[in-house]
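The chain below stands alone and is given in C-alpha coordinates; this is the form predicted alone.
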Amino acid sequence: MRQFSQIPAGLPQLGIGLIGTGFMGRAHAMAFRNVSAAFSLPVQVHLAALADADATRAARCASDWGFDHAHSDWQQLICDPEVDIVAITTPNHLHYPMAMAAVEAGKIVYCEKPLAVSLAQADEMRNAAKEAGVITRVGYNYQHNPIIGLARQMIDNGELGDIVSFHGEFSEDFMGDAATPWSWRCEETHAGGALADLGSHLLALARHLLGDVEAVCADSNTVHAQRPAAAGSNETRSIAVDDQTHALLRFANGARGTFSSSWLKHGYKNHLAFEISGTRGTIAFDQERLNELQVCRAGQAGFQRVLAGPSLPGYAAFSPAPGHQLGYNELKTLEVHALIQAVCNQGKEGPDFEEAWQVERLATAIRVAARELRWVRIEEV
(Lines give C-alpha, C1' and ligand atoms only; values in the text may rest on other atoms or scores of the structure.)
Protein backbone atom coordinates (compact mmCIF):
# COMPACT_ATOMS: atom_id res chain seq x y z
CA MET A 1 0.00 0.00 0.00
CA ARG A 2 1.24 3.46 -0.86
CA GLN A 3 2.02 5.70 2.11
CA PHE A 4 0.34 9.11 2.35
CA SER A 5 1.57 10.42 5.71
CA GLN A 6 4.29 12.41 3.91
CA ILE A 7 2.61 14.23 1.01
CA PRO A 8 5.08 15.14 -1.76
CA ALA A 9 4.62 17.87 -4.33
CA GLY A 10 2.42 16.98 -7.28
CA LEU A 11 -0.53 15.47 -5.41
CA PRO A 12 -0.28 11.67 -5.47
CA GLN A 13 -3.30 9.61 -6.46
CA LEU A 14 -5.43 7.78 -3.92
CA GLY A 15 -7.08 4.86 -5.71
CA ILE A 16 -10.67 4.03 -4.73
CA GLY A 17 -12.13 0.54 -5.05
CA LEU A 18 -15.88 0.31 -4.47
CA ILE A 19 -17.67 -2.98 -3.76
CA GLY A 20 -21.45 -2.84 -4.25
CA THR A 21 -23.76 -0.89 -6.55
CA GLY A 22 -26.91 -0.44 -4.51
CA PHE A 23 -28.18 2.73 -2.83
CA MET A 24 -25.15 2.89 -0.54
CA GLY A 25 -22.69 2.10 -3.32
CA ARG A 26 -24.06 5.01 -5.31
CA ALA A 27 -23.84 7.26 -2.24
CA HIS A 28 -20.17 6.34 -1.80
CA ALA A 29 -19.45 6.92 -5.48
CA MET A 30 -21.04 10.36 -5.33
CA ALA A 31 -19.10 11.23 -2.18
CA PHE A 32 -15.76 10.24 -3.71
CA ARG A 33 -16.58 12.26 -6.83
CA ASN A 34 -17.78 15.31 -4.90
CA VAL A 35 -15.11 15.52 -2.21
CA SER A 36 -12.54 17.11 -4.54
CA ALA A 37 -15.02 19.79 -5.56
CA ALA A 38 -15.97 20.62 -1.98
CA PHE A 39 -12.52 20.52 -0.37
CA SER A 40 -8.92 21.26 -1.22
CA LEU A 41 -7.27 17.85 -0.83
CA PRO A 42 -3.62 16.83 -0.46
CA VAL A 43 -4.22 13.93 -2.89
CA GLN A 44 -6.07 13.29 -6.12
CA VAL A 45 -9.00 10.93 -5.73
CA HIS A 46 -8.82 8.31 -8.46
CA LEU A 47 -11.91 6.13 -9.02
CA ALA A 48 -9.92 3.02 -9.86
CA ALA A 49 -12.29 0.06 -9.79
CA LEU A 50 -15.82 -1.08 -8.99
CA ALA A 51 -17.03 -4.59 -8.19
CA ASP A 52 -20.45 -6.23 -8.27
CA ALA A 53 -21.41 -9.90 -8.59
CA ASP A 54 -23.53 -8.96 -11.62
CA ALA A 55 -20.89 -8.35 -14.30
CA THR A 56 -23.26 -6.39 -16.55
CA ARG A 57 -24.36 -4.11 -13.72
CA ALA A 58 -20.75 -3.69 -12.57
CA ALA A 59 -19.67 -2.55 -16.03
CA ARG A 60 -22.62 -0.19 -16.41
CA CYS A 61 -22.19 1.42 -12.99
CA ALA A 62 -18.43 1.73 -13.43
CA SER A 63 -19.02 3.61 -16.67
CA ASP A 64 -21.84 5.77 -15.32
CA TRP A 65 -20.06 6.63 -12.08
CA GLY A 66 -16.62 7.28 -13.56
CA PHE A 67 -14.59 4.25 -12.44
CA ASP A 68 -11.77 3.06 -14.66
CA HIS A 69 -12.83 -0.56 -14.80
CA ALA A 70 -15.18 -3.14 -13.31
CA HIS A 71 -14.81 -6.53 -11.63
CA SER A 72 -17.41 -9.23 -11.11
CA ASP A 73 -15.24 -10.72 -8.35
CA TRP A 74 -14.63 -8.56 -5.28
CA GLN A 75 -11.39 -10.41 -4.53
CA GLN A 76 -9.97 -9.16 -7.83
CA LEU A 77 -10.74 -5.61 -6.76
CA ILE A 78 -8.92 -6.07 -3.46
CA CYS A 79 -5.89 -7.42 -5.31
CA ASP A 80 -5.96 -4.54 -7.83
CA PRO A 81 -2.67 -2.60 -7.40
CA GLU A 82 -4.43 0.67 -8.30
CA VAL A 83 -6.77 0.36 -5.30
CA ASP A 84 -5.66 1.96 -2.01
CA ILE A 85 -9.06 2.30 -0.29
CA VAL A 86 -11.57 -0.55 -0.34
CA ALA A 87 -15.09 0.82 0.22
CA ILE A 88 -17.52 -1.95 1.23
CA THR A 89 -21.24 -1.26 0.66
CA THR A 90 -22.60 -4.81 0.46
CA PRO A 91 -25.18 -6.59 2.65
CA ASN A 92 -23.95 -6.94 6.22
CA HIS A 93 -22.90 -10.60 6.16
CA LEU A 94 -20.31 -9.84 3.48
CA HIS A 95 -18.54 -7.13 5.48
CA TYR A 96 -16.44 -9.62 7.43
CA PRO A 97 -14.86 -11.64 4.59
CA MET A 98 -14.31 -8.56 2.43
CA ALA A 99 -12.83 -6.42 5.19
CA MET A 100 -10.58 -9.21 6.44
CA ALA A 101 -9.26 -9.81 2.91
CA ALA A 102 -8.66 -6.08 2.42
CA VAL A 103 -6.84 -5.78 5.75
CA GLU A 104 -4.69 -8.80 4.86
CA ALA A 105 -3.82 -7.06 1.58
CA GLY A 106 -2.77 -3.94 3.51
CA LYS A 107 -5.56 -1.78 2.08
CA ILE A 108 -7.37 1.07 3.82
CA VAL A 109 -10.89 -0.16 4.63
CA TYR A 110 -14.02 2.01 4.56
CA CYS A 111 -16.92 -0.26 5.56
CA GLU A 112 -20.60 0.49 5.87
CA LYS A 113 -22.39 -0.13 9.16
CA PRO A 114 -22.98 -2.28 11.07
CA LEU A 115 -19.41 -3.56 11.11
CA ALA A 116 -20.40 -7.24 11.22
CA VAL A 117 -23.26 -9.63 11.98
CA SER A 118 -21.74 -10.82 15.26
CA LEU A 119 -19.58 -9.42 18.01
CA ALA A 120 -17.04 -12.21 17.42
CA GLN A 121 -16.62 -11.12 13.79
CA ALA A 122 -16.31 -7.47 14.79
CA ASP A 123 -13.67 -8.41 17.35
CA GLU A 124 -11.64 -10.29 14.74
CA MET A 125 -11.92 -7.36 12.33
CA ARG A 126 -10.72 -4.72 14.79
CA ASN A 127 -7.85 -6.92 16.00
CA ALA A 128 -6.75 -7.75 12.45
CA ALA A 129 -6.78 -4.07 11.48
CA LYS A 130 -4.84 -3.11 14.60
CA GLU A 131 -2.23 -5.79 13.99
CA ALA A 132 -1.87 -4.83 10.31
CA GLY A 133 -1.68 -1.12 11.16
CA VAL A 134 -4.18 -0.16 8.47
CA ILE A 135 -6.54 2.81 8.62
CA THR A 136 -10.21 1.90 8.93
CA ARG A 137 -13.45 3.86 8.98
CA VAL A 138 -17.10 2.79 9.34
CA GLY A 139 -20.05 4.55 7.72
CA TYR A 140 -21.83 6.10 10.69
CA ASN A 141 -22.26 9.20 8.56
CA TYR A 142 -24.84 11.03 10.67
CA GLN A 143 -22.27 12.09 13.22
CA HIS A 144 -20.46 14.05 10.49
CA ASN A 145 -23.39 16.48 10.32
CA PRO A 146 -22.12 19.99 11.24
CA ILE A 147 -25.15 20.51 13.51
CA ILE A 148 -24.21 17.33 15.41
CA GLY A 149 -20.77 18.85 15.81
CA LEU A 150 -22.41 21.87 17.40
CA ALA A 151 -24.39 19.63 19.77
CA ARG A 152 -21.23 17.83 20.87
CA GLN A 153 -19.41 21.14 21.32
CA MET A 154 -22.20 22.43 23.56
CA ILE A 155 -22.08 19.25 25.65
CA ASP A 156 -18.28 19.21 25.91
CA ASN A 157 -18.16 22.93 26.79
CA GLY A 158 -20.60 22.41 29.64
CA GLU A 159 -23.32 24.63 28.16
CA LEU A 160 -25.96 22.09 29.21
CA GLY A 161 -24.42 21.57 32.65
CA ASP A 162 -24.18 18.04 33.99
CA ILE A 163 -25.95 15.68 31.57
CA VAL A 164 -28.82 13.87 33.24
CA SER A 165 -30.81 12.24 30.43
CA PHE A 166 -30.72 10.99 26.84
CA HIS A 167 -33.83 10.02 24.90
CA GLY A 168 -33.15 8.57 21.46
CA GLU A 169 -35.22 7.00 18.70
CA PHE A 170 -34.56 5.81 15.17
CA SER A 171 -37.78 4.90 13.41
CA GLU A 172 -38.74 4.32 9.78
CA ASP A 173 -41.74 2.66 8.17
CA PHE A 174 -40.34 0.70 5.23
CA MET A 175 -41.23 -2.63 6.91
CA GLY A 176 -44.48 -1.41 8.47
CA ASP A 177 -46.74 -3.31 6.07
CA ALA A 178 -46.97 -7.03 6.81
CA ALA A 179 -47.17 -7.60 3.03
CA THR A 180 -43.70 -6.14 2.52
CA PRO A 181 -41.71 -9.14 1.29
CA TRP A 182 -38.76 -10.86 2.91
CA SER A 183 -35.34 -9.41 2.09
CA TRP A 184 -31.78 -10.04 3.26
CA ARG A 185 -32.48 -7.61 6.13
CA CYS A 186 -34.87 -10.24 7.54
CA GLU A 187 -32.19 -12.92 7.76
CA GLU A 188 -30.62 -13.11 11.22
CA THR A 189 -27.25 -14.31 9.95
CA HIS A 190 -27.22 -11.66 7.21
CA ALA A 191 -28.44 -8.54 8.97
CA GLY A 192 -29.89 -8.41 12.48
CA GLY A 193 -33.20 -6.56 12.33
CA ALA A 194 -34.19 -3.04 13.28
CA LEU A 195 -31.60 -2.90 16.06
CA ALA A 196 -28.71 -3.54 13.67
CA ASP A 197 -30.08 -1.76 10.63
CA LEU A 198 -31.33 1.41 12.32
CA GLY A 199 -30.46 1.22 15.99
CA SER A 200 -26.72 0.90 15.43
CA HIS A 201 -26.73 4.45 14.04
CA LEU A 202 -28.42 5.73 17.21
CA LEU A 203 -26.06 3.80 19.49
CA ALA A 204 -23.07 5.20 17.60
CA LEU A 205 -24.48 8.71 17.92
CA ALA A 206 -25.19 8.29 21.65
CA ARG A 207 -21.59 7.19 22.23
CA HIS A 208 -20.29 10.03 20.04
CA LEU A 209 -22.16 12.61 22.11
CA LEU A 210 -22.11 11.19 25.64
CA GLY A 211 -19.45 8.48 25.78
CA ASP A 212 -19.60 4.98 27.23
CA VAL A 213 -22.75 3.17 28.30
CA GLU A 214 -22.22 1.02 31.39
CA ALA A 215 -25.39 -1.08 31.51
CA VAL A 216 -28.65 -1.74 29.65
CA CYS A 217 -31.97 -3.49 30.03
CA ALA A 218 -34.17 -4.08 27.00
CA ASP A 219 -37.19 -5.56 25.28
CA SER A 220 -37.32 -6.73 21.67
CA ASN A 221 -40.04 -8.29 19.55
CA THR A 222 -41.02 -9.39 16.07
CA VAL A 223 -44.45 -8.03 15.15
CA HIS A 224 -44.74 -9.59 11.67
CA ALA A 225 -43.49 -13.15 12.17
CA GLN A 226 -44.24 -14.12 8.55
CA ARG A 227 -43.63 -12.19 5.34
CA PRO A 228 -44.12 -13.06 1.66
CA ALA A 229 -41.08 -14.83 0.24
CA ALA A 230 -41.14 -12.36 -2.68
CA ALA A 231 -43.38 -9.58 -3.95
CA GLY A 232 -46.74 -11.05 -4.94
CA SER A 233 -45.85 -14.53 -3.70
CA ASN A 234 -48.26 -16.72 -1.71
CA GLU A 235 -45.29 -18.46 -0.13
CA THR A 236 -44.23 -17.02 3.23
CA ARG A 237 -40.99 -17.03 5.17
CA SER A 238 -40.54 -16.92 8.93
CA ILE A 239 -38.90 -13.83 10.38
CA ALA A 240 -36.48 -14.22 13.29
CA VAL A 241 -35.11 -10.66 13.55
CA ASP A 242 -36.57 -7.85 15.63
CA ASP A 243 -39.07 -5.38 14.19
CA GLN A 244 -38.59 -3.11 17.17
CA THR A 245 -36.30 -2.89 20.18
CA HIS A 246 -36.52 -0.64 23.24
CA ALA A 247 -33.89 -0.21 25.95
CA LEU A 248 -32.92 1.71 29.05
CA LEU A 249 -29.34 2.96 29.20
CA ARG A 250 -27.02 3.88 32.06
CA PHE A 251 -24.15 6.05 30.88
CA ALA A 252 -20.74 6.15 32.53
CA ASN A 253 -21.16 9.90 33.10
CA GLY A 254 -24.17 9.24 35.32
CA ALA A 255 -26.86 10.09 32.78
CA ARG A 256 -29.84 7.82 32.24
CA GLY A 257 -31.33 7.19 28.84
CA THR A 258 -33.92 5.53 26.63
CA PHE A 259 -33.37 3.92 23.24
CA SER A 260 -35.87 2.85 20.59
CA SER A 261 -35.43 1.44 17.10
CA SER A 262 -38.27 0.39 14.80
CA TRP A 263 -38.83 -0.08 11.10
CA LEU A 264 -42.61 -0.32 11.58
CA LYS A 265 -43.68 3.21 12.57
CA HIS A 266 -45.89 4.61 9.83
CA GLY A 267 -45.16 8.20 8.89
CA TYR A 268 -41.46 8.15 9.73
CA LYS A 269 -38.87 8.05 6.94
CA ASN A 270 -35.60 8.83 8.71
CA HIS A 271 -36.55 9.69 12.29
CA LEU A 272 -33.11 9.53 13.91
CA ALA A 273 -33.86 11.78 16.85
CA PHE A 274 -32.54 12.54 20.30
CA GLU A 275 -33.12 14.84 23.22
CA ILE A 276 -30.30 15.47 25.69
CA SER A 277 -30.98 17.28 28.96
CA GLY A 278 -28.58 18.68 31.51
CA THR A 279 -28.78 20.76 34.64
CA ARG A 280 -28.51 23.96 32.57
CA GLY A 281 -30.43 23.17 29.41
CA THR A 282 -31.75 20.78 26.77
CA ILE A 283 -30.99 20.17 23.10
CA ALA A 284 -33.11 18.22 20.63
CA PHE A 285 -32.44 16.97 17.07
CA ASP A 286 -34.32 15.08 14.34
CA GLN A 287 -32.54 13.83 11.20
CA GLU A 288 -35.68 14.57 9.18
CA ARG A 289 -34.80 18.23 9.88
CA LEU A 290 -31.06 17.68 9.78
CA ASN A 291 -30.01 21.33 9.56
CA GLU A 292 -31.69 22.34 12.83
CA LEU A 293 -30.92 22.02 16.51
CA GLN A 294 -33.51 22.89 19.13
CA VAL A 295 -31.94 24.54 22.17
CA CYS A 296 -33.48 25.55 25.50
CA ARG A 297 -31.32 27.02 28.23
CA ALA A 298 -32.46 27.15 31.84
CA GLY A 299 -34.78 30.11 32.36
CA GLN A 300 -35.92 30.36 28.73
CA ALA A 301 -39.64 30.16 28.00
CA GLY A 302 -39.11 27.48 25.37
CA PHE A 303 -36.88 26.12 22.64
CA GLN A 304 -34.86 28.24 20.20
CA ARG A 305 -34.37 26.90 16.67
CA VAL A 306 -30.69 27.10 15.67
CA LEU A 307 -30.02 26.73 11.92
CA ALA A 308 -26.83 25.25 10.50
CA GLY A 309 -24.61 27.74 8.70
CA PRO A 310 -21.08 28.40 7.41
CA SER A 311 -19.75 29.08 10.92
CA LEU A 312 -20.01 25.35 11.62
CA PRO A 313 -17.05 23.22 10.44
CA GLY A 314 -17.81 21.51 7.12
CA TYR A 315 -20.93 23.45 6.19
CA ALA A 316 -19.21 26.25 4.24
CA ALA A 317 -17.66 23.71 1.87
CA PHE A 318 -21.14 23.34 0.34
CA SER A 319 -22.90 26.65 0.98
CA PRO A 320 -21.77 30.15 2.04
CA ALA A 321 -25.16 31.03 3.53
CA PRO A 322 -26.97 29.82 6.67
CA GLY A 323 -30.26 27.98 6.33
CA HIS A 324 -29.54 26.80 2.78
CA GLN A 325 -29.46 23.17 3.94
CA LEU A 326 -27.12 20.25 3.60
CA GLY A 327 -28.45 16.80 2.69
CA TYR A 328 -27.69 13.11 3.10
CA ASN A 329 -25.11 13.01 0.31
CA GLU A 330 -23.26 16.00 1.75
CA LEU A 331 -22.91 14.04 5.01
CA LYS A 332 -21.36 11.14 3.06
CA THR A 333 -18.98 13.61 1.40
CA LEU A 334 -17.99 14.96 4.82
CA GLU A 335 -17.43 11.37 5.94
CA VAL A 336 -15.18 10.69 2.94
CA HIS A 337 -13.29 13.94 3.59
CA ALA A 338 -12.60 12.81 7.17
CA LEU A 339 -11.36 9.47 5.81
CA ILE A 340 -8.96 11.14 3.37
CA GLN A 341 -7.66 13.44 6.12
CA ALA A 342 -6.95 10.38 8.26
CA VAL A 343 -5.16 8.67 5.36
CA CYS A 344 -3.01 11.77 4.91
CA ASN A 345 -2.30 12.02 8.65
CA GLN A 346 -4.22 15.28 8.91
CA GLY A 347 -7.06 14.24 11.24
CA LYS A 348 -8.64 11.45 13.23
CA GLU A 349 -12.37 12.16 12.87
CA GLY A 350 -14.81 9.34 12.30
CA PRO A 351 -15.38 5.93 13.90
CA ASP A 352 -12.82 3.25 13.09
CA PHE A 353 -13.12 -0.52 13.53
CA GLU A 354 -12.32 -0.17 17.24
CA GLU A 355 -15.20 2.25 17.84
CA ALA A 356 -17.53 0.23 15.61
CA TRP A 357 -16.71 -2.82 17.76
CA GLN A 358 -17.79 -0.82 20.80
CA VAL A 359 -21.11 -0.10 19.07
CA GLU A 360 -21.54 -3.80 18.27
CA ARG A 361 -20.70 -4.66 21.87
CA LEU A 362 -23.42 -2.30 23.09
CA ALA A 363 -25.95 -3.76 20.62
CA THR A 364 -25.03 -7.27 21.76
CA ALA A 365 -25.60 -6.30 25.39
CA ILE A 366 -29.06 -5.01 24.42
CA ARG A 367 -29.87 -8.35 22.74
CA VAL A 368 -28.72 -10.28 25.81
CA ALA A 369 -30.77 -8.03 28.09
CA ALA A 370 -33.88 -8.51 25.94
CA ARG A 371 -33.41 -12.27 25.80
CA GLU A 372 -32.67 -12.72 29.52
CA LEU A 373 -34.98 -9.96 30.82
CA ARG A 374 -32.39 -8.35 33.10
CA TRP A 375 -29.92 -5.50 33.39
CA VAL A 376 -26.68 -6.35 31.56
CA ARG A 377 -23.39 -4.58 32.22
CA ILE A 378 -21.46 -3.92 29.00
CA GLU A 379 -18.35 -5.48 30.49
CA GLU A 380 -20.20 -8.82 30.55
CA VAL A 381 -20.13 -9.14 26.76
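Please read these numbers as outputs of a predicted model, since none were measured by experiment. Numbering starts at 1 and follows the sequence shown.
Not on display, but discussed next: the form predicted in complex with another copy of the chain.
Relative to another copy of the chain in the predicted complex, residues 165, 304 and 328 are all within 4.5 Å by at least one heavy atom. With the partner removed from view, the residue among 265, 93, 207, 237 that has a non-hydrogen atom within 4.5 Å of another copy of the chain in the predicted complex turns out to be 265. Proximity to another copy of the chain in the predicted complex, defined as a heavy atom within 4.5 Å, holds among 100, 132, 191, 248 only for 248. In the predicted complex, another copy of the chain sits within 4.5 Å of a heavy atom belonging to residue 142. Although the partner is absent here, residue 121 sits far enough away that none of its heavy atoms falls within 4.5 Å of another copy of the chain in the predicted complex. Residue contact check for residue 226: none of its heavy atoms lie within 4.5 Å of another copy of the chain in the predicted complex. With a 4.5 Å cutoff on heavy atoms, residue 37 counts as touching another copy of the chain in the predicted complex. Of the candidate stretches 27-35, 352-360, 48-56, 339-347, only 27-35 contains residues with a heavy atom within 4.5 Å of another copy of the chain in the predicted complex. Residues 64, 65 are the members of 63-79 with a non-hydrogen atom no more than 4.5 angstroms from another copy of the chain in the predicted complex.
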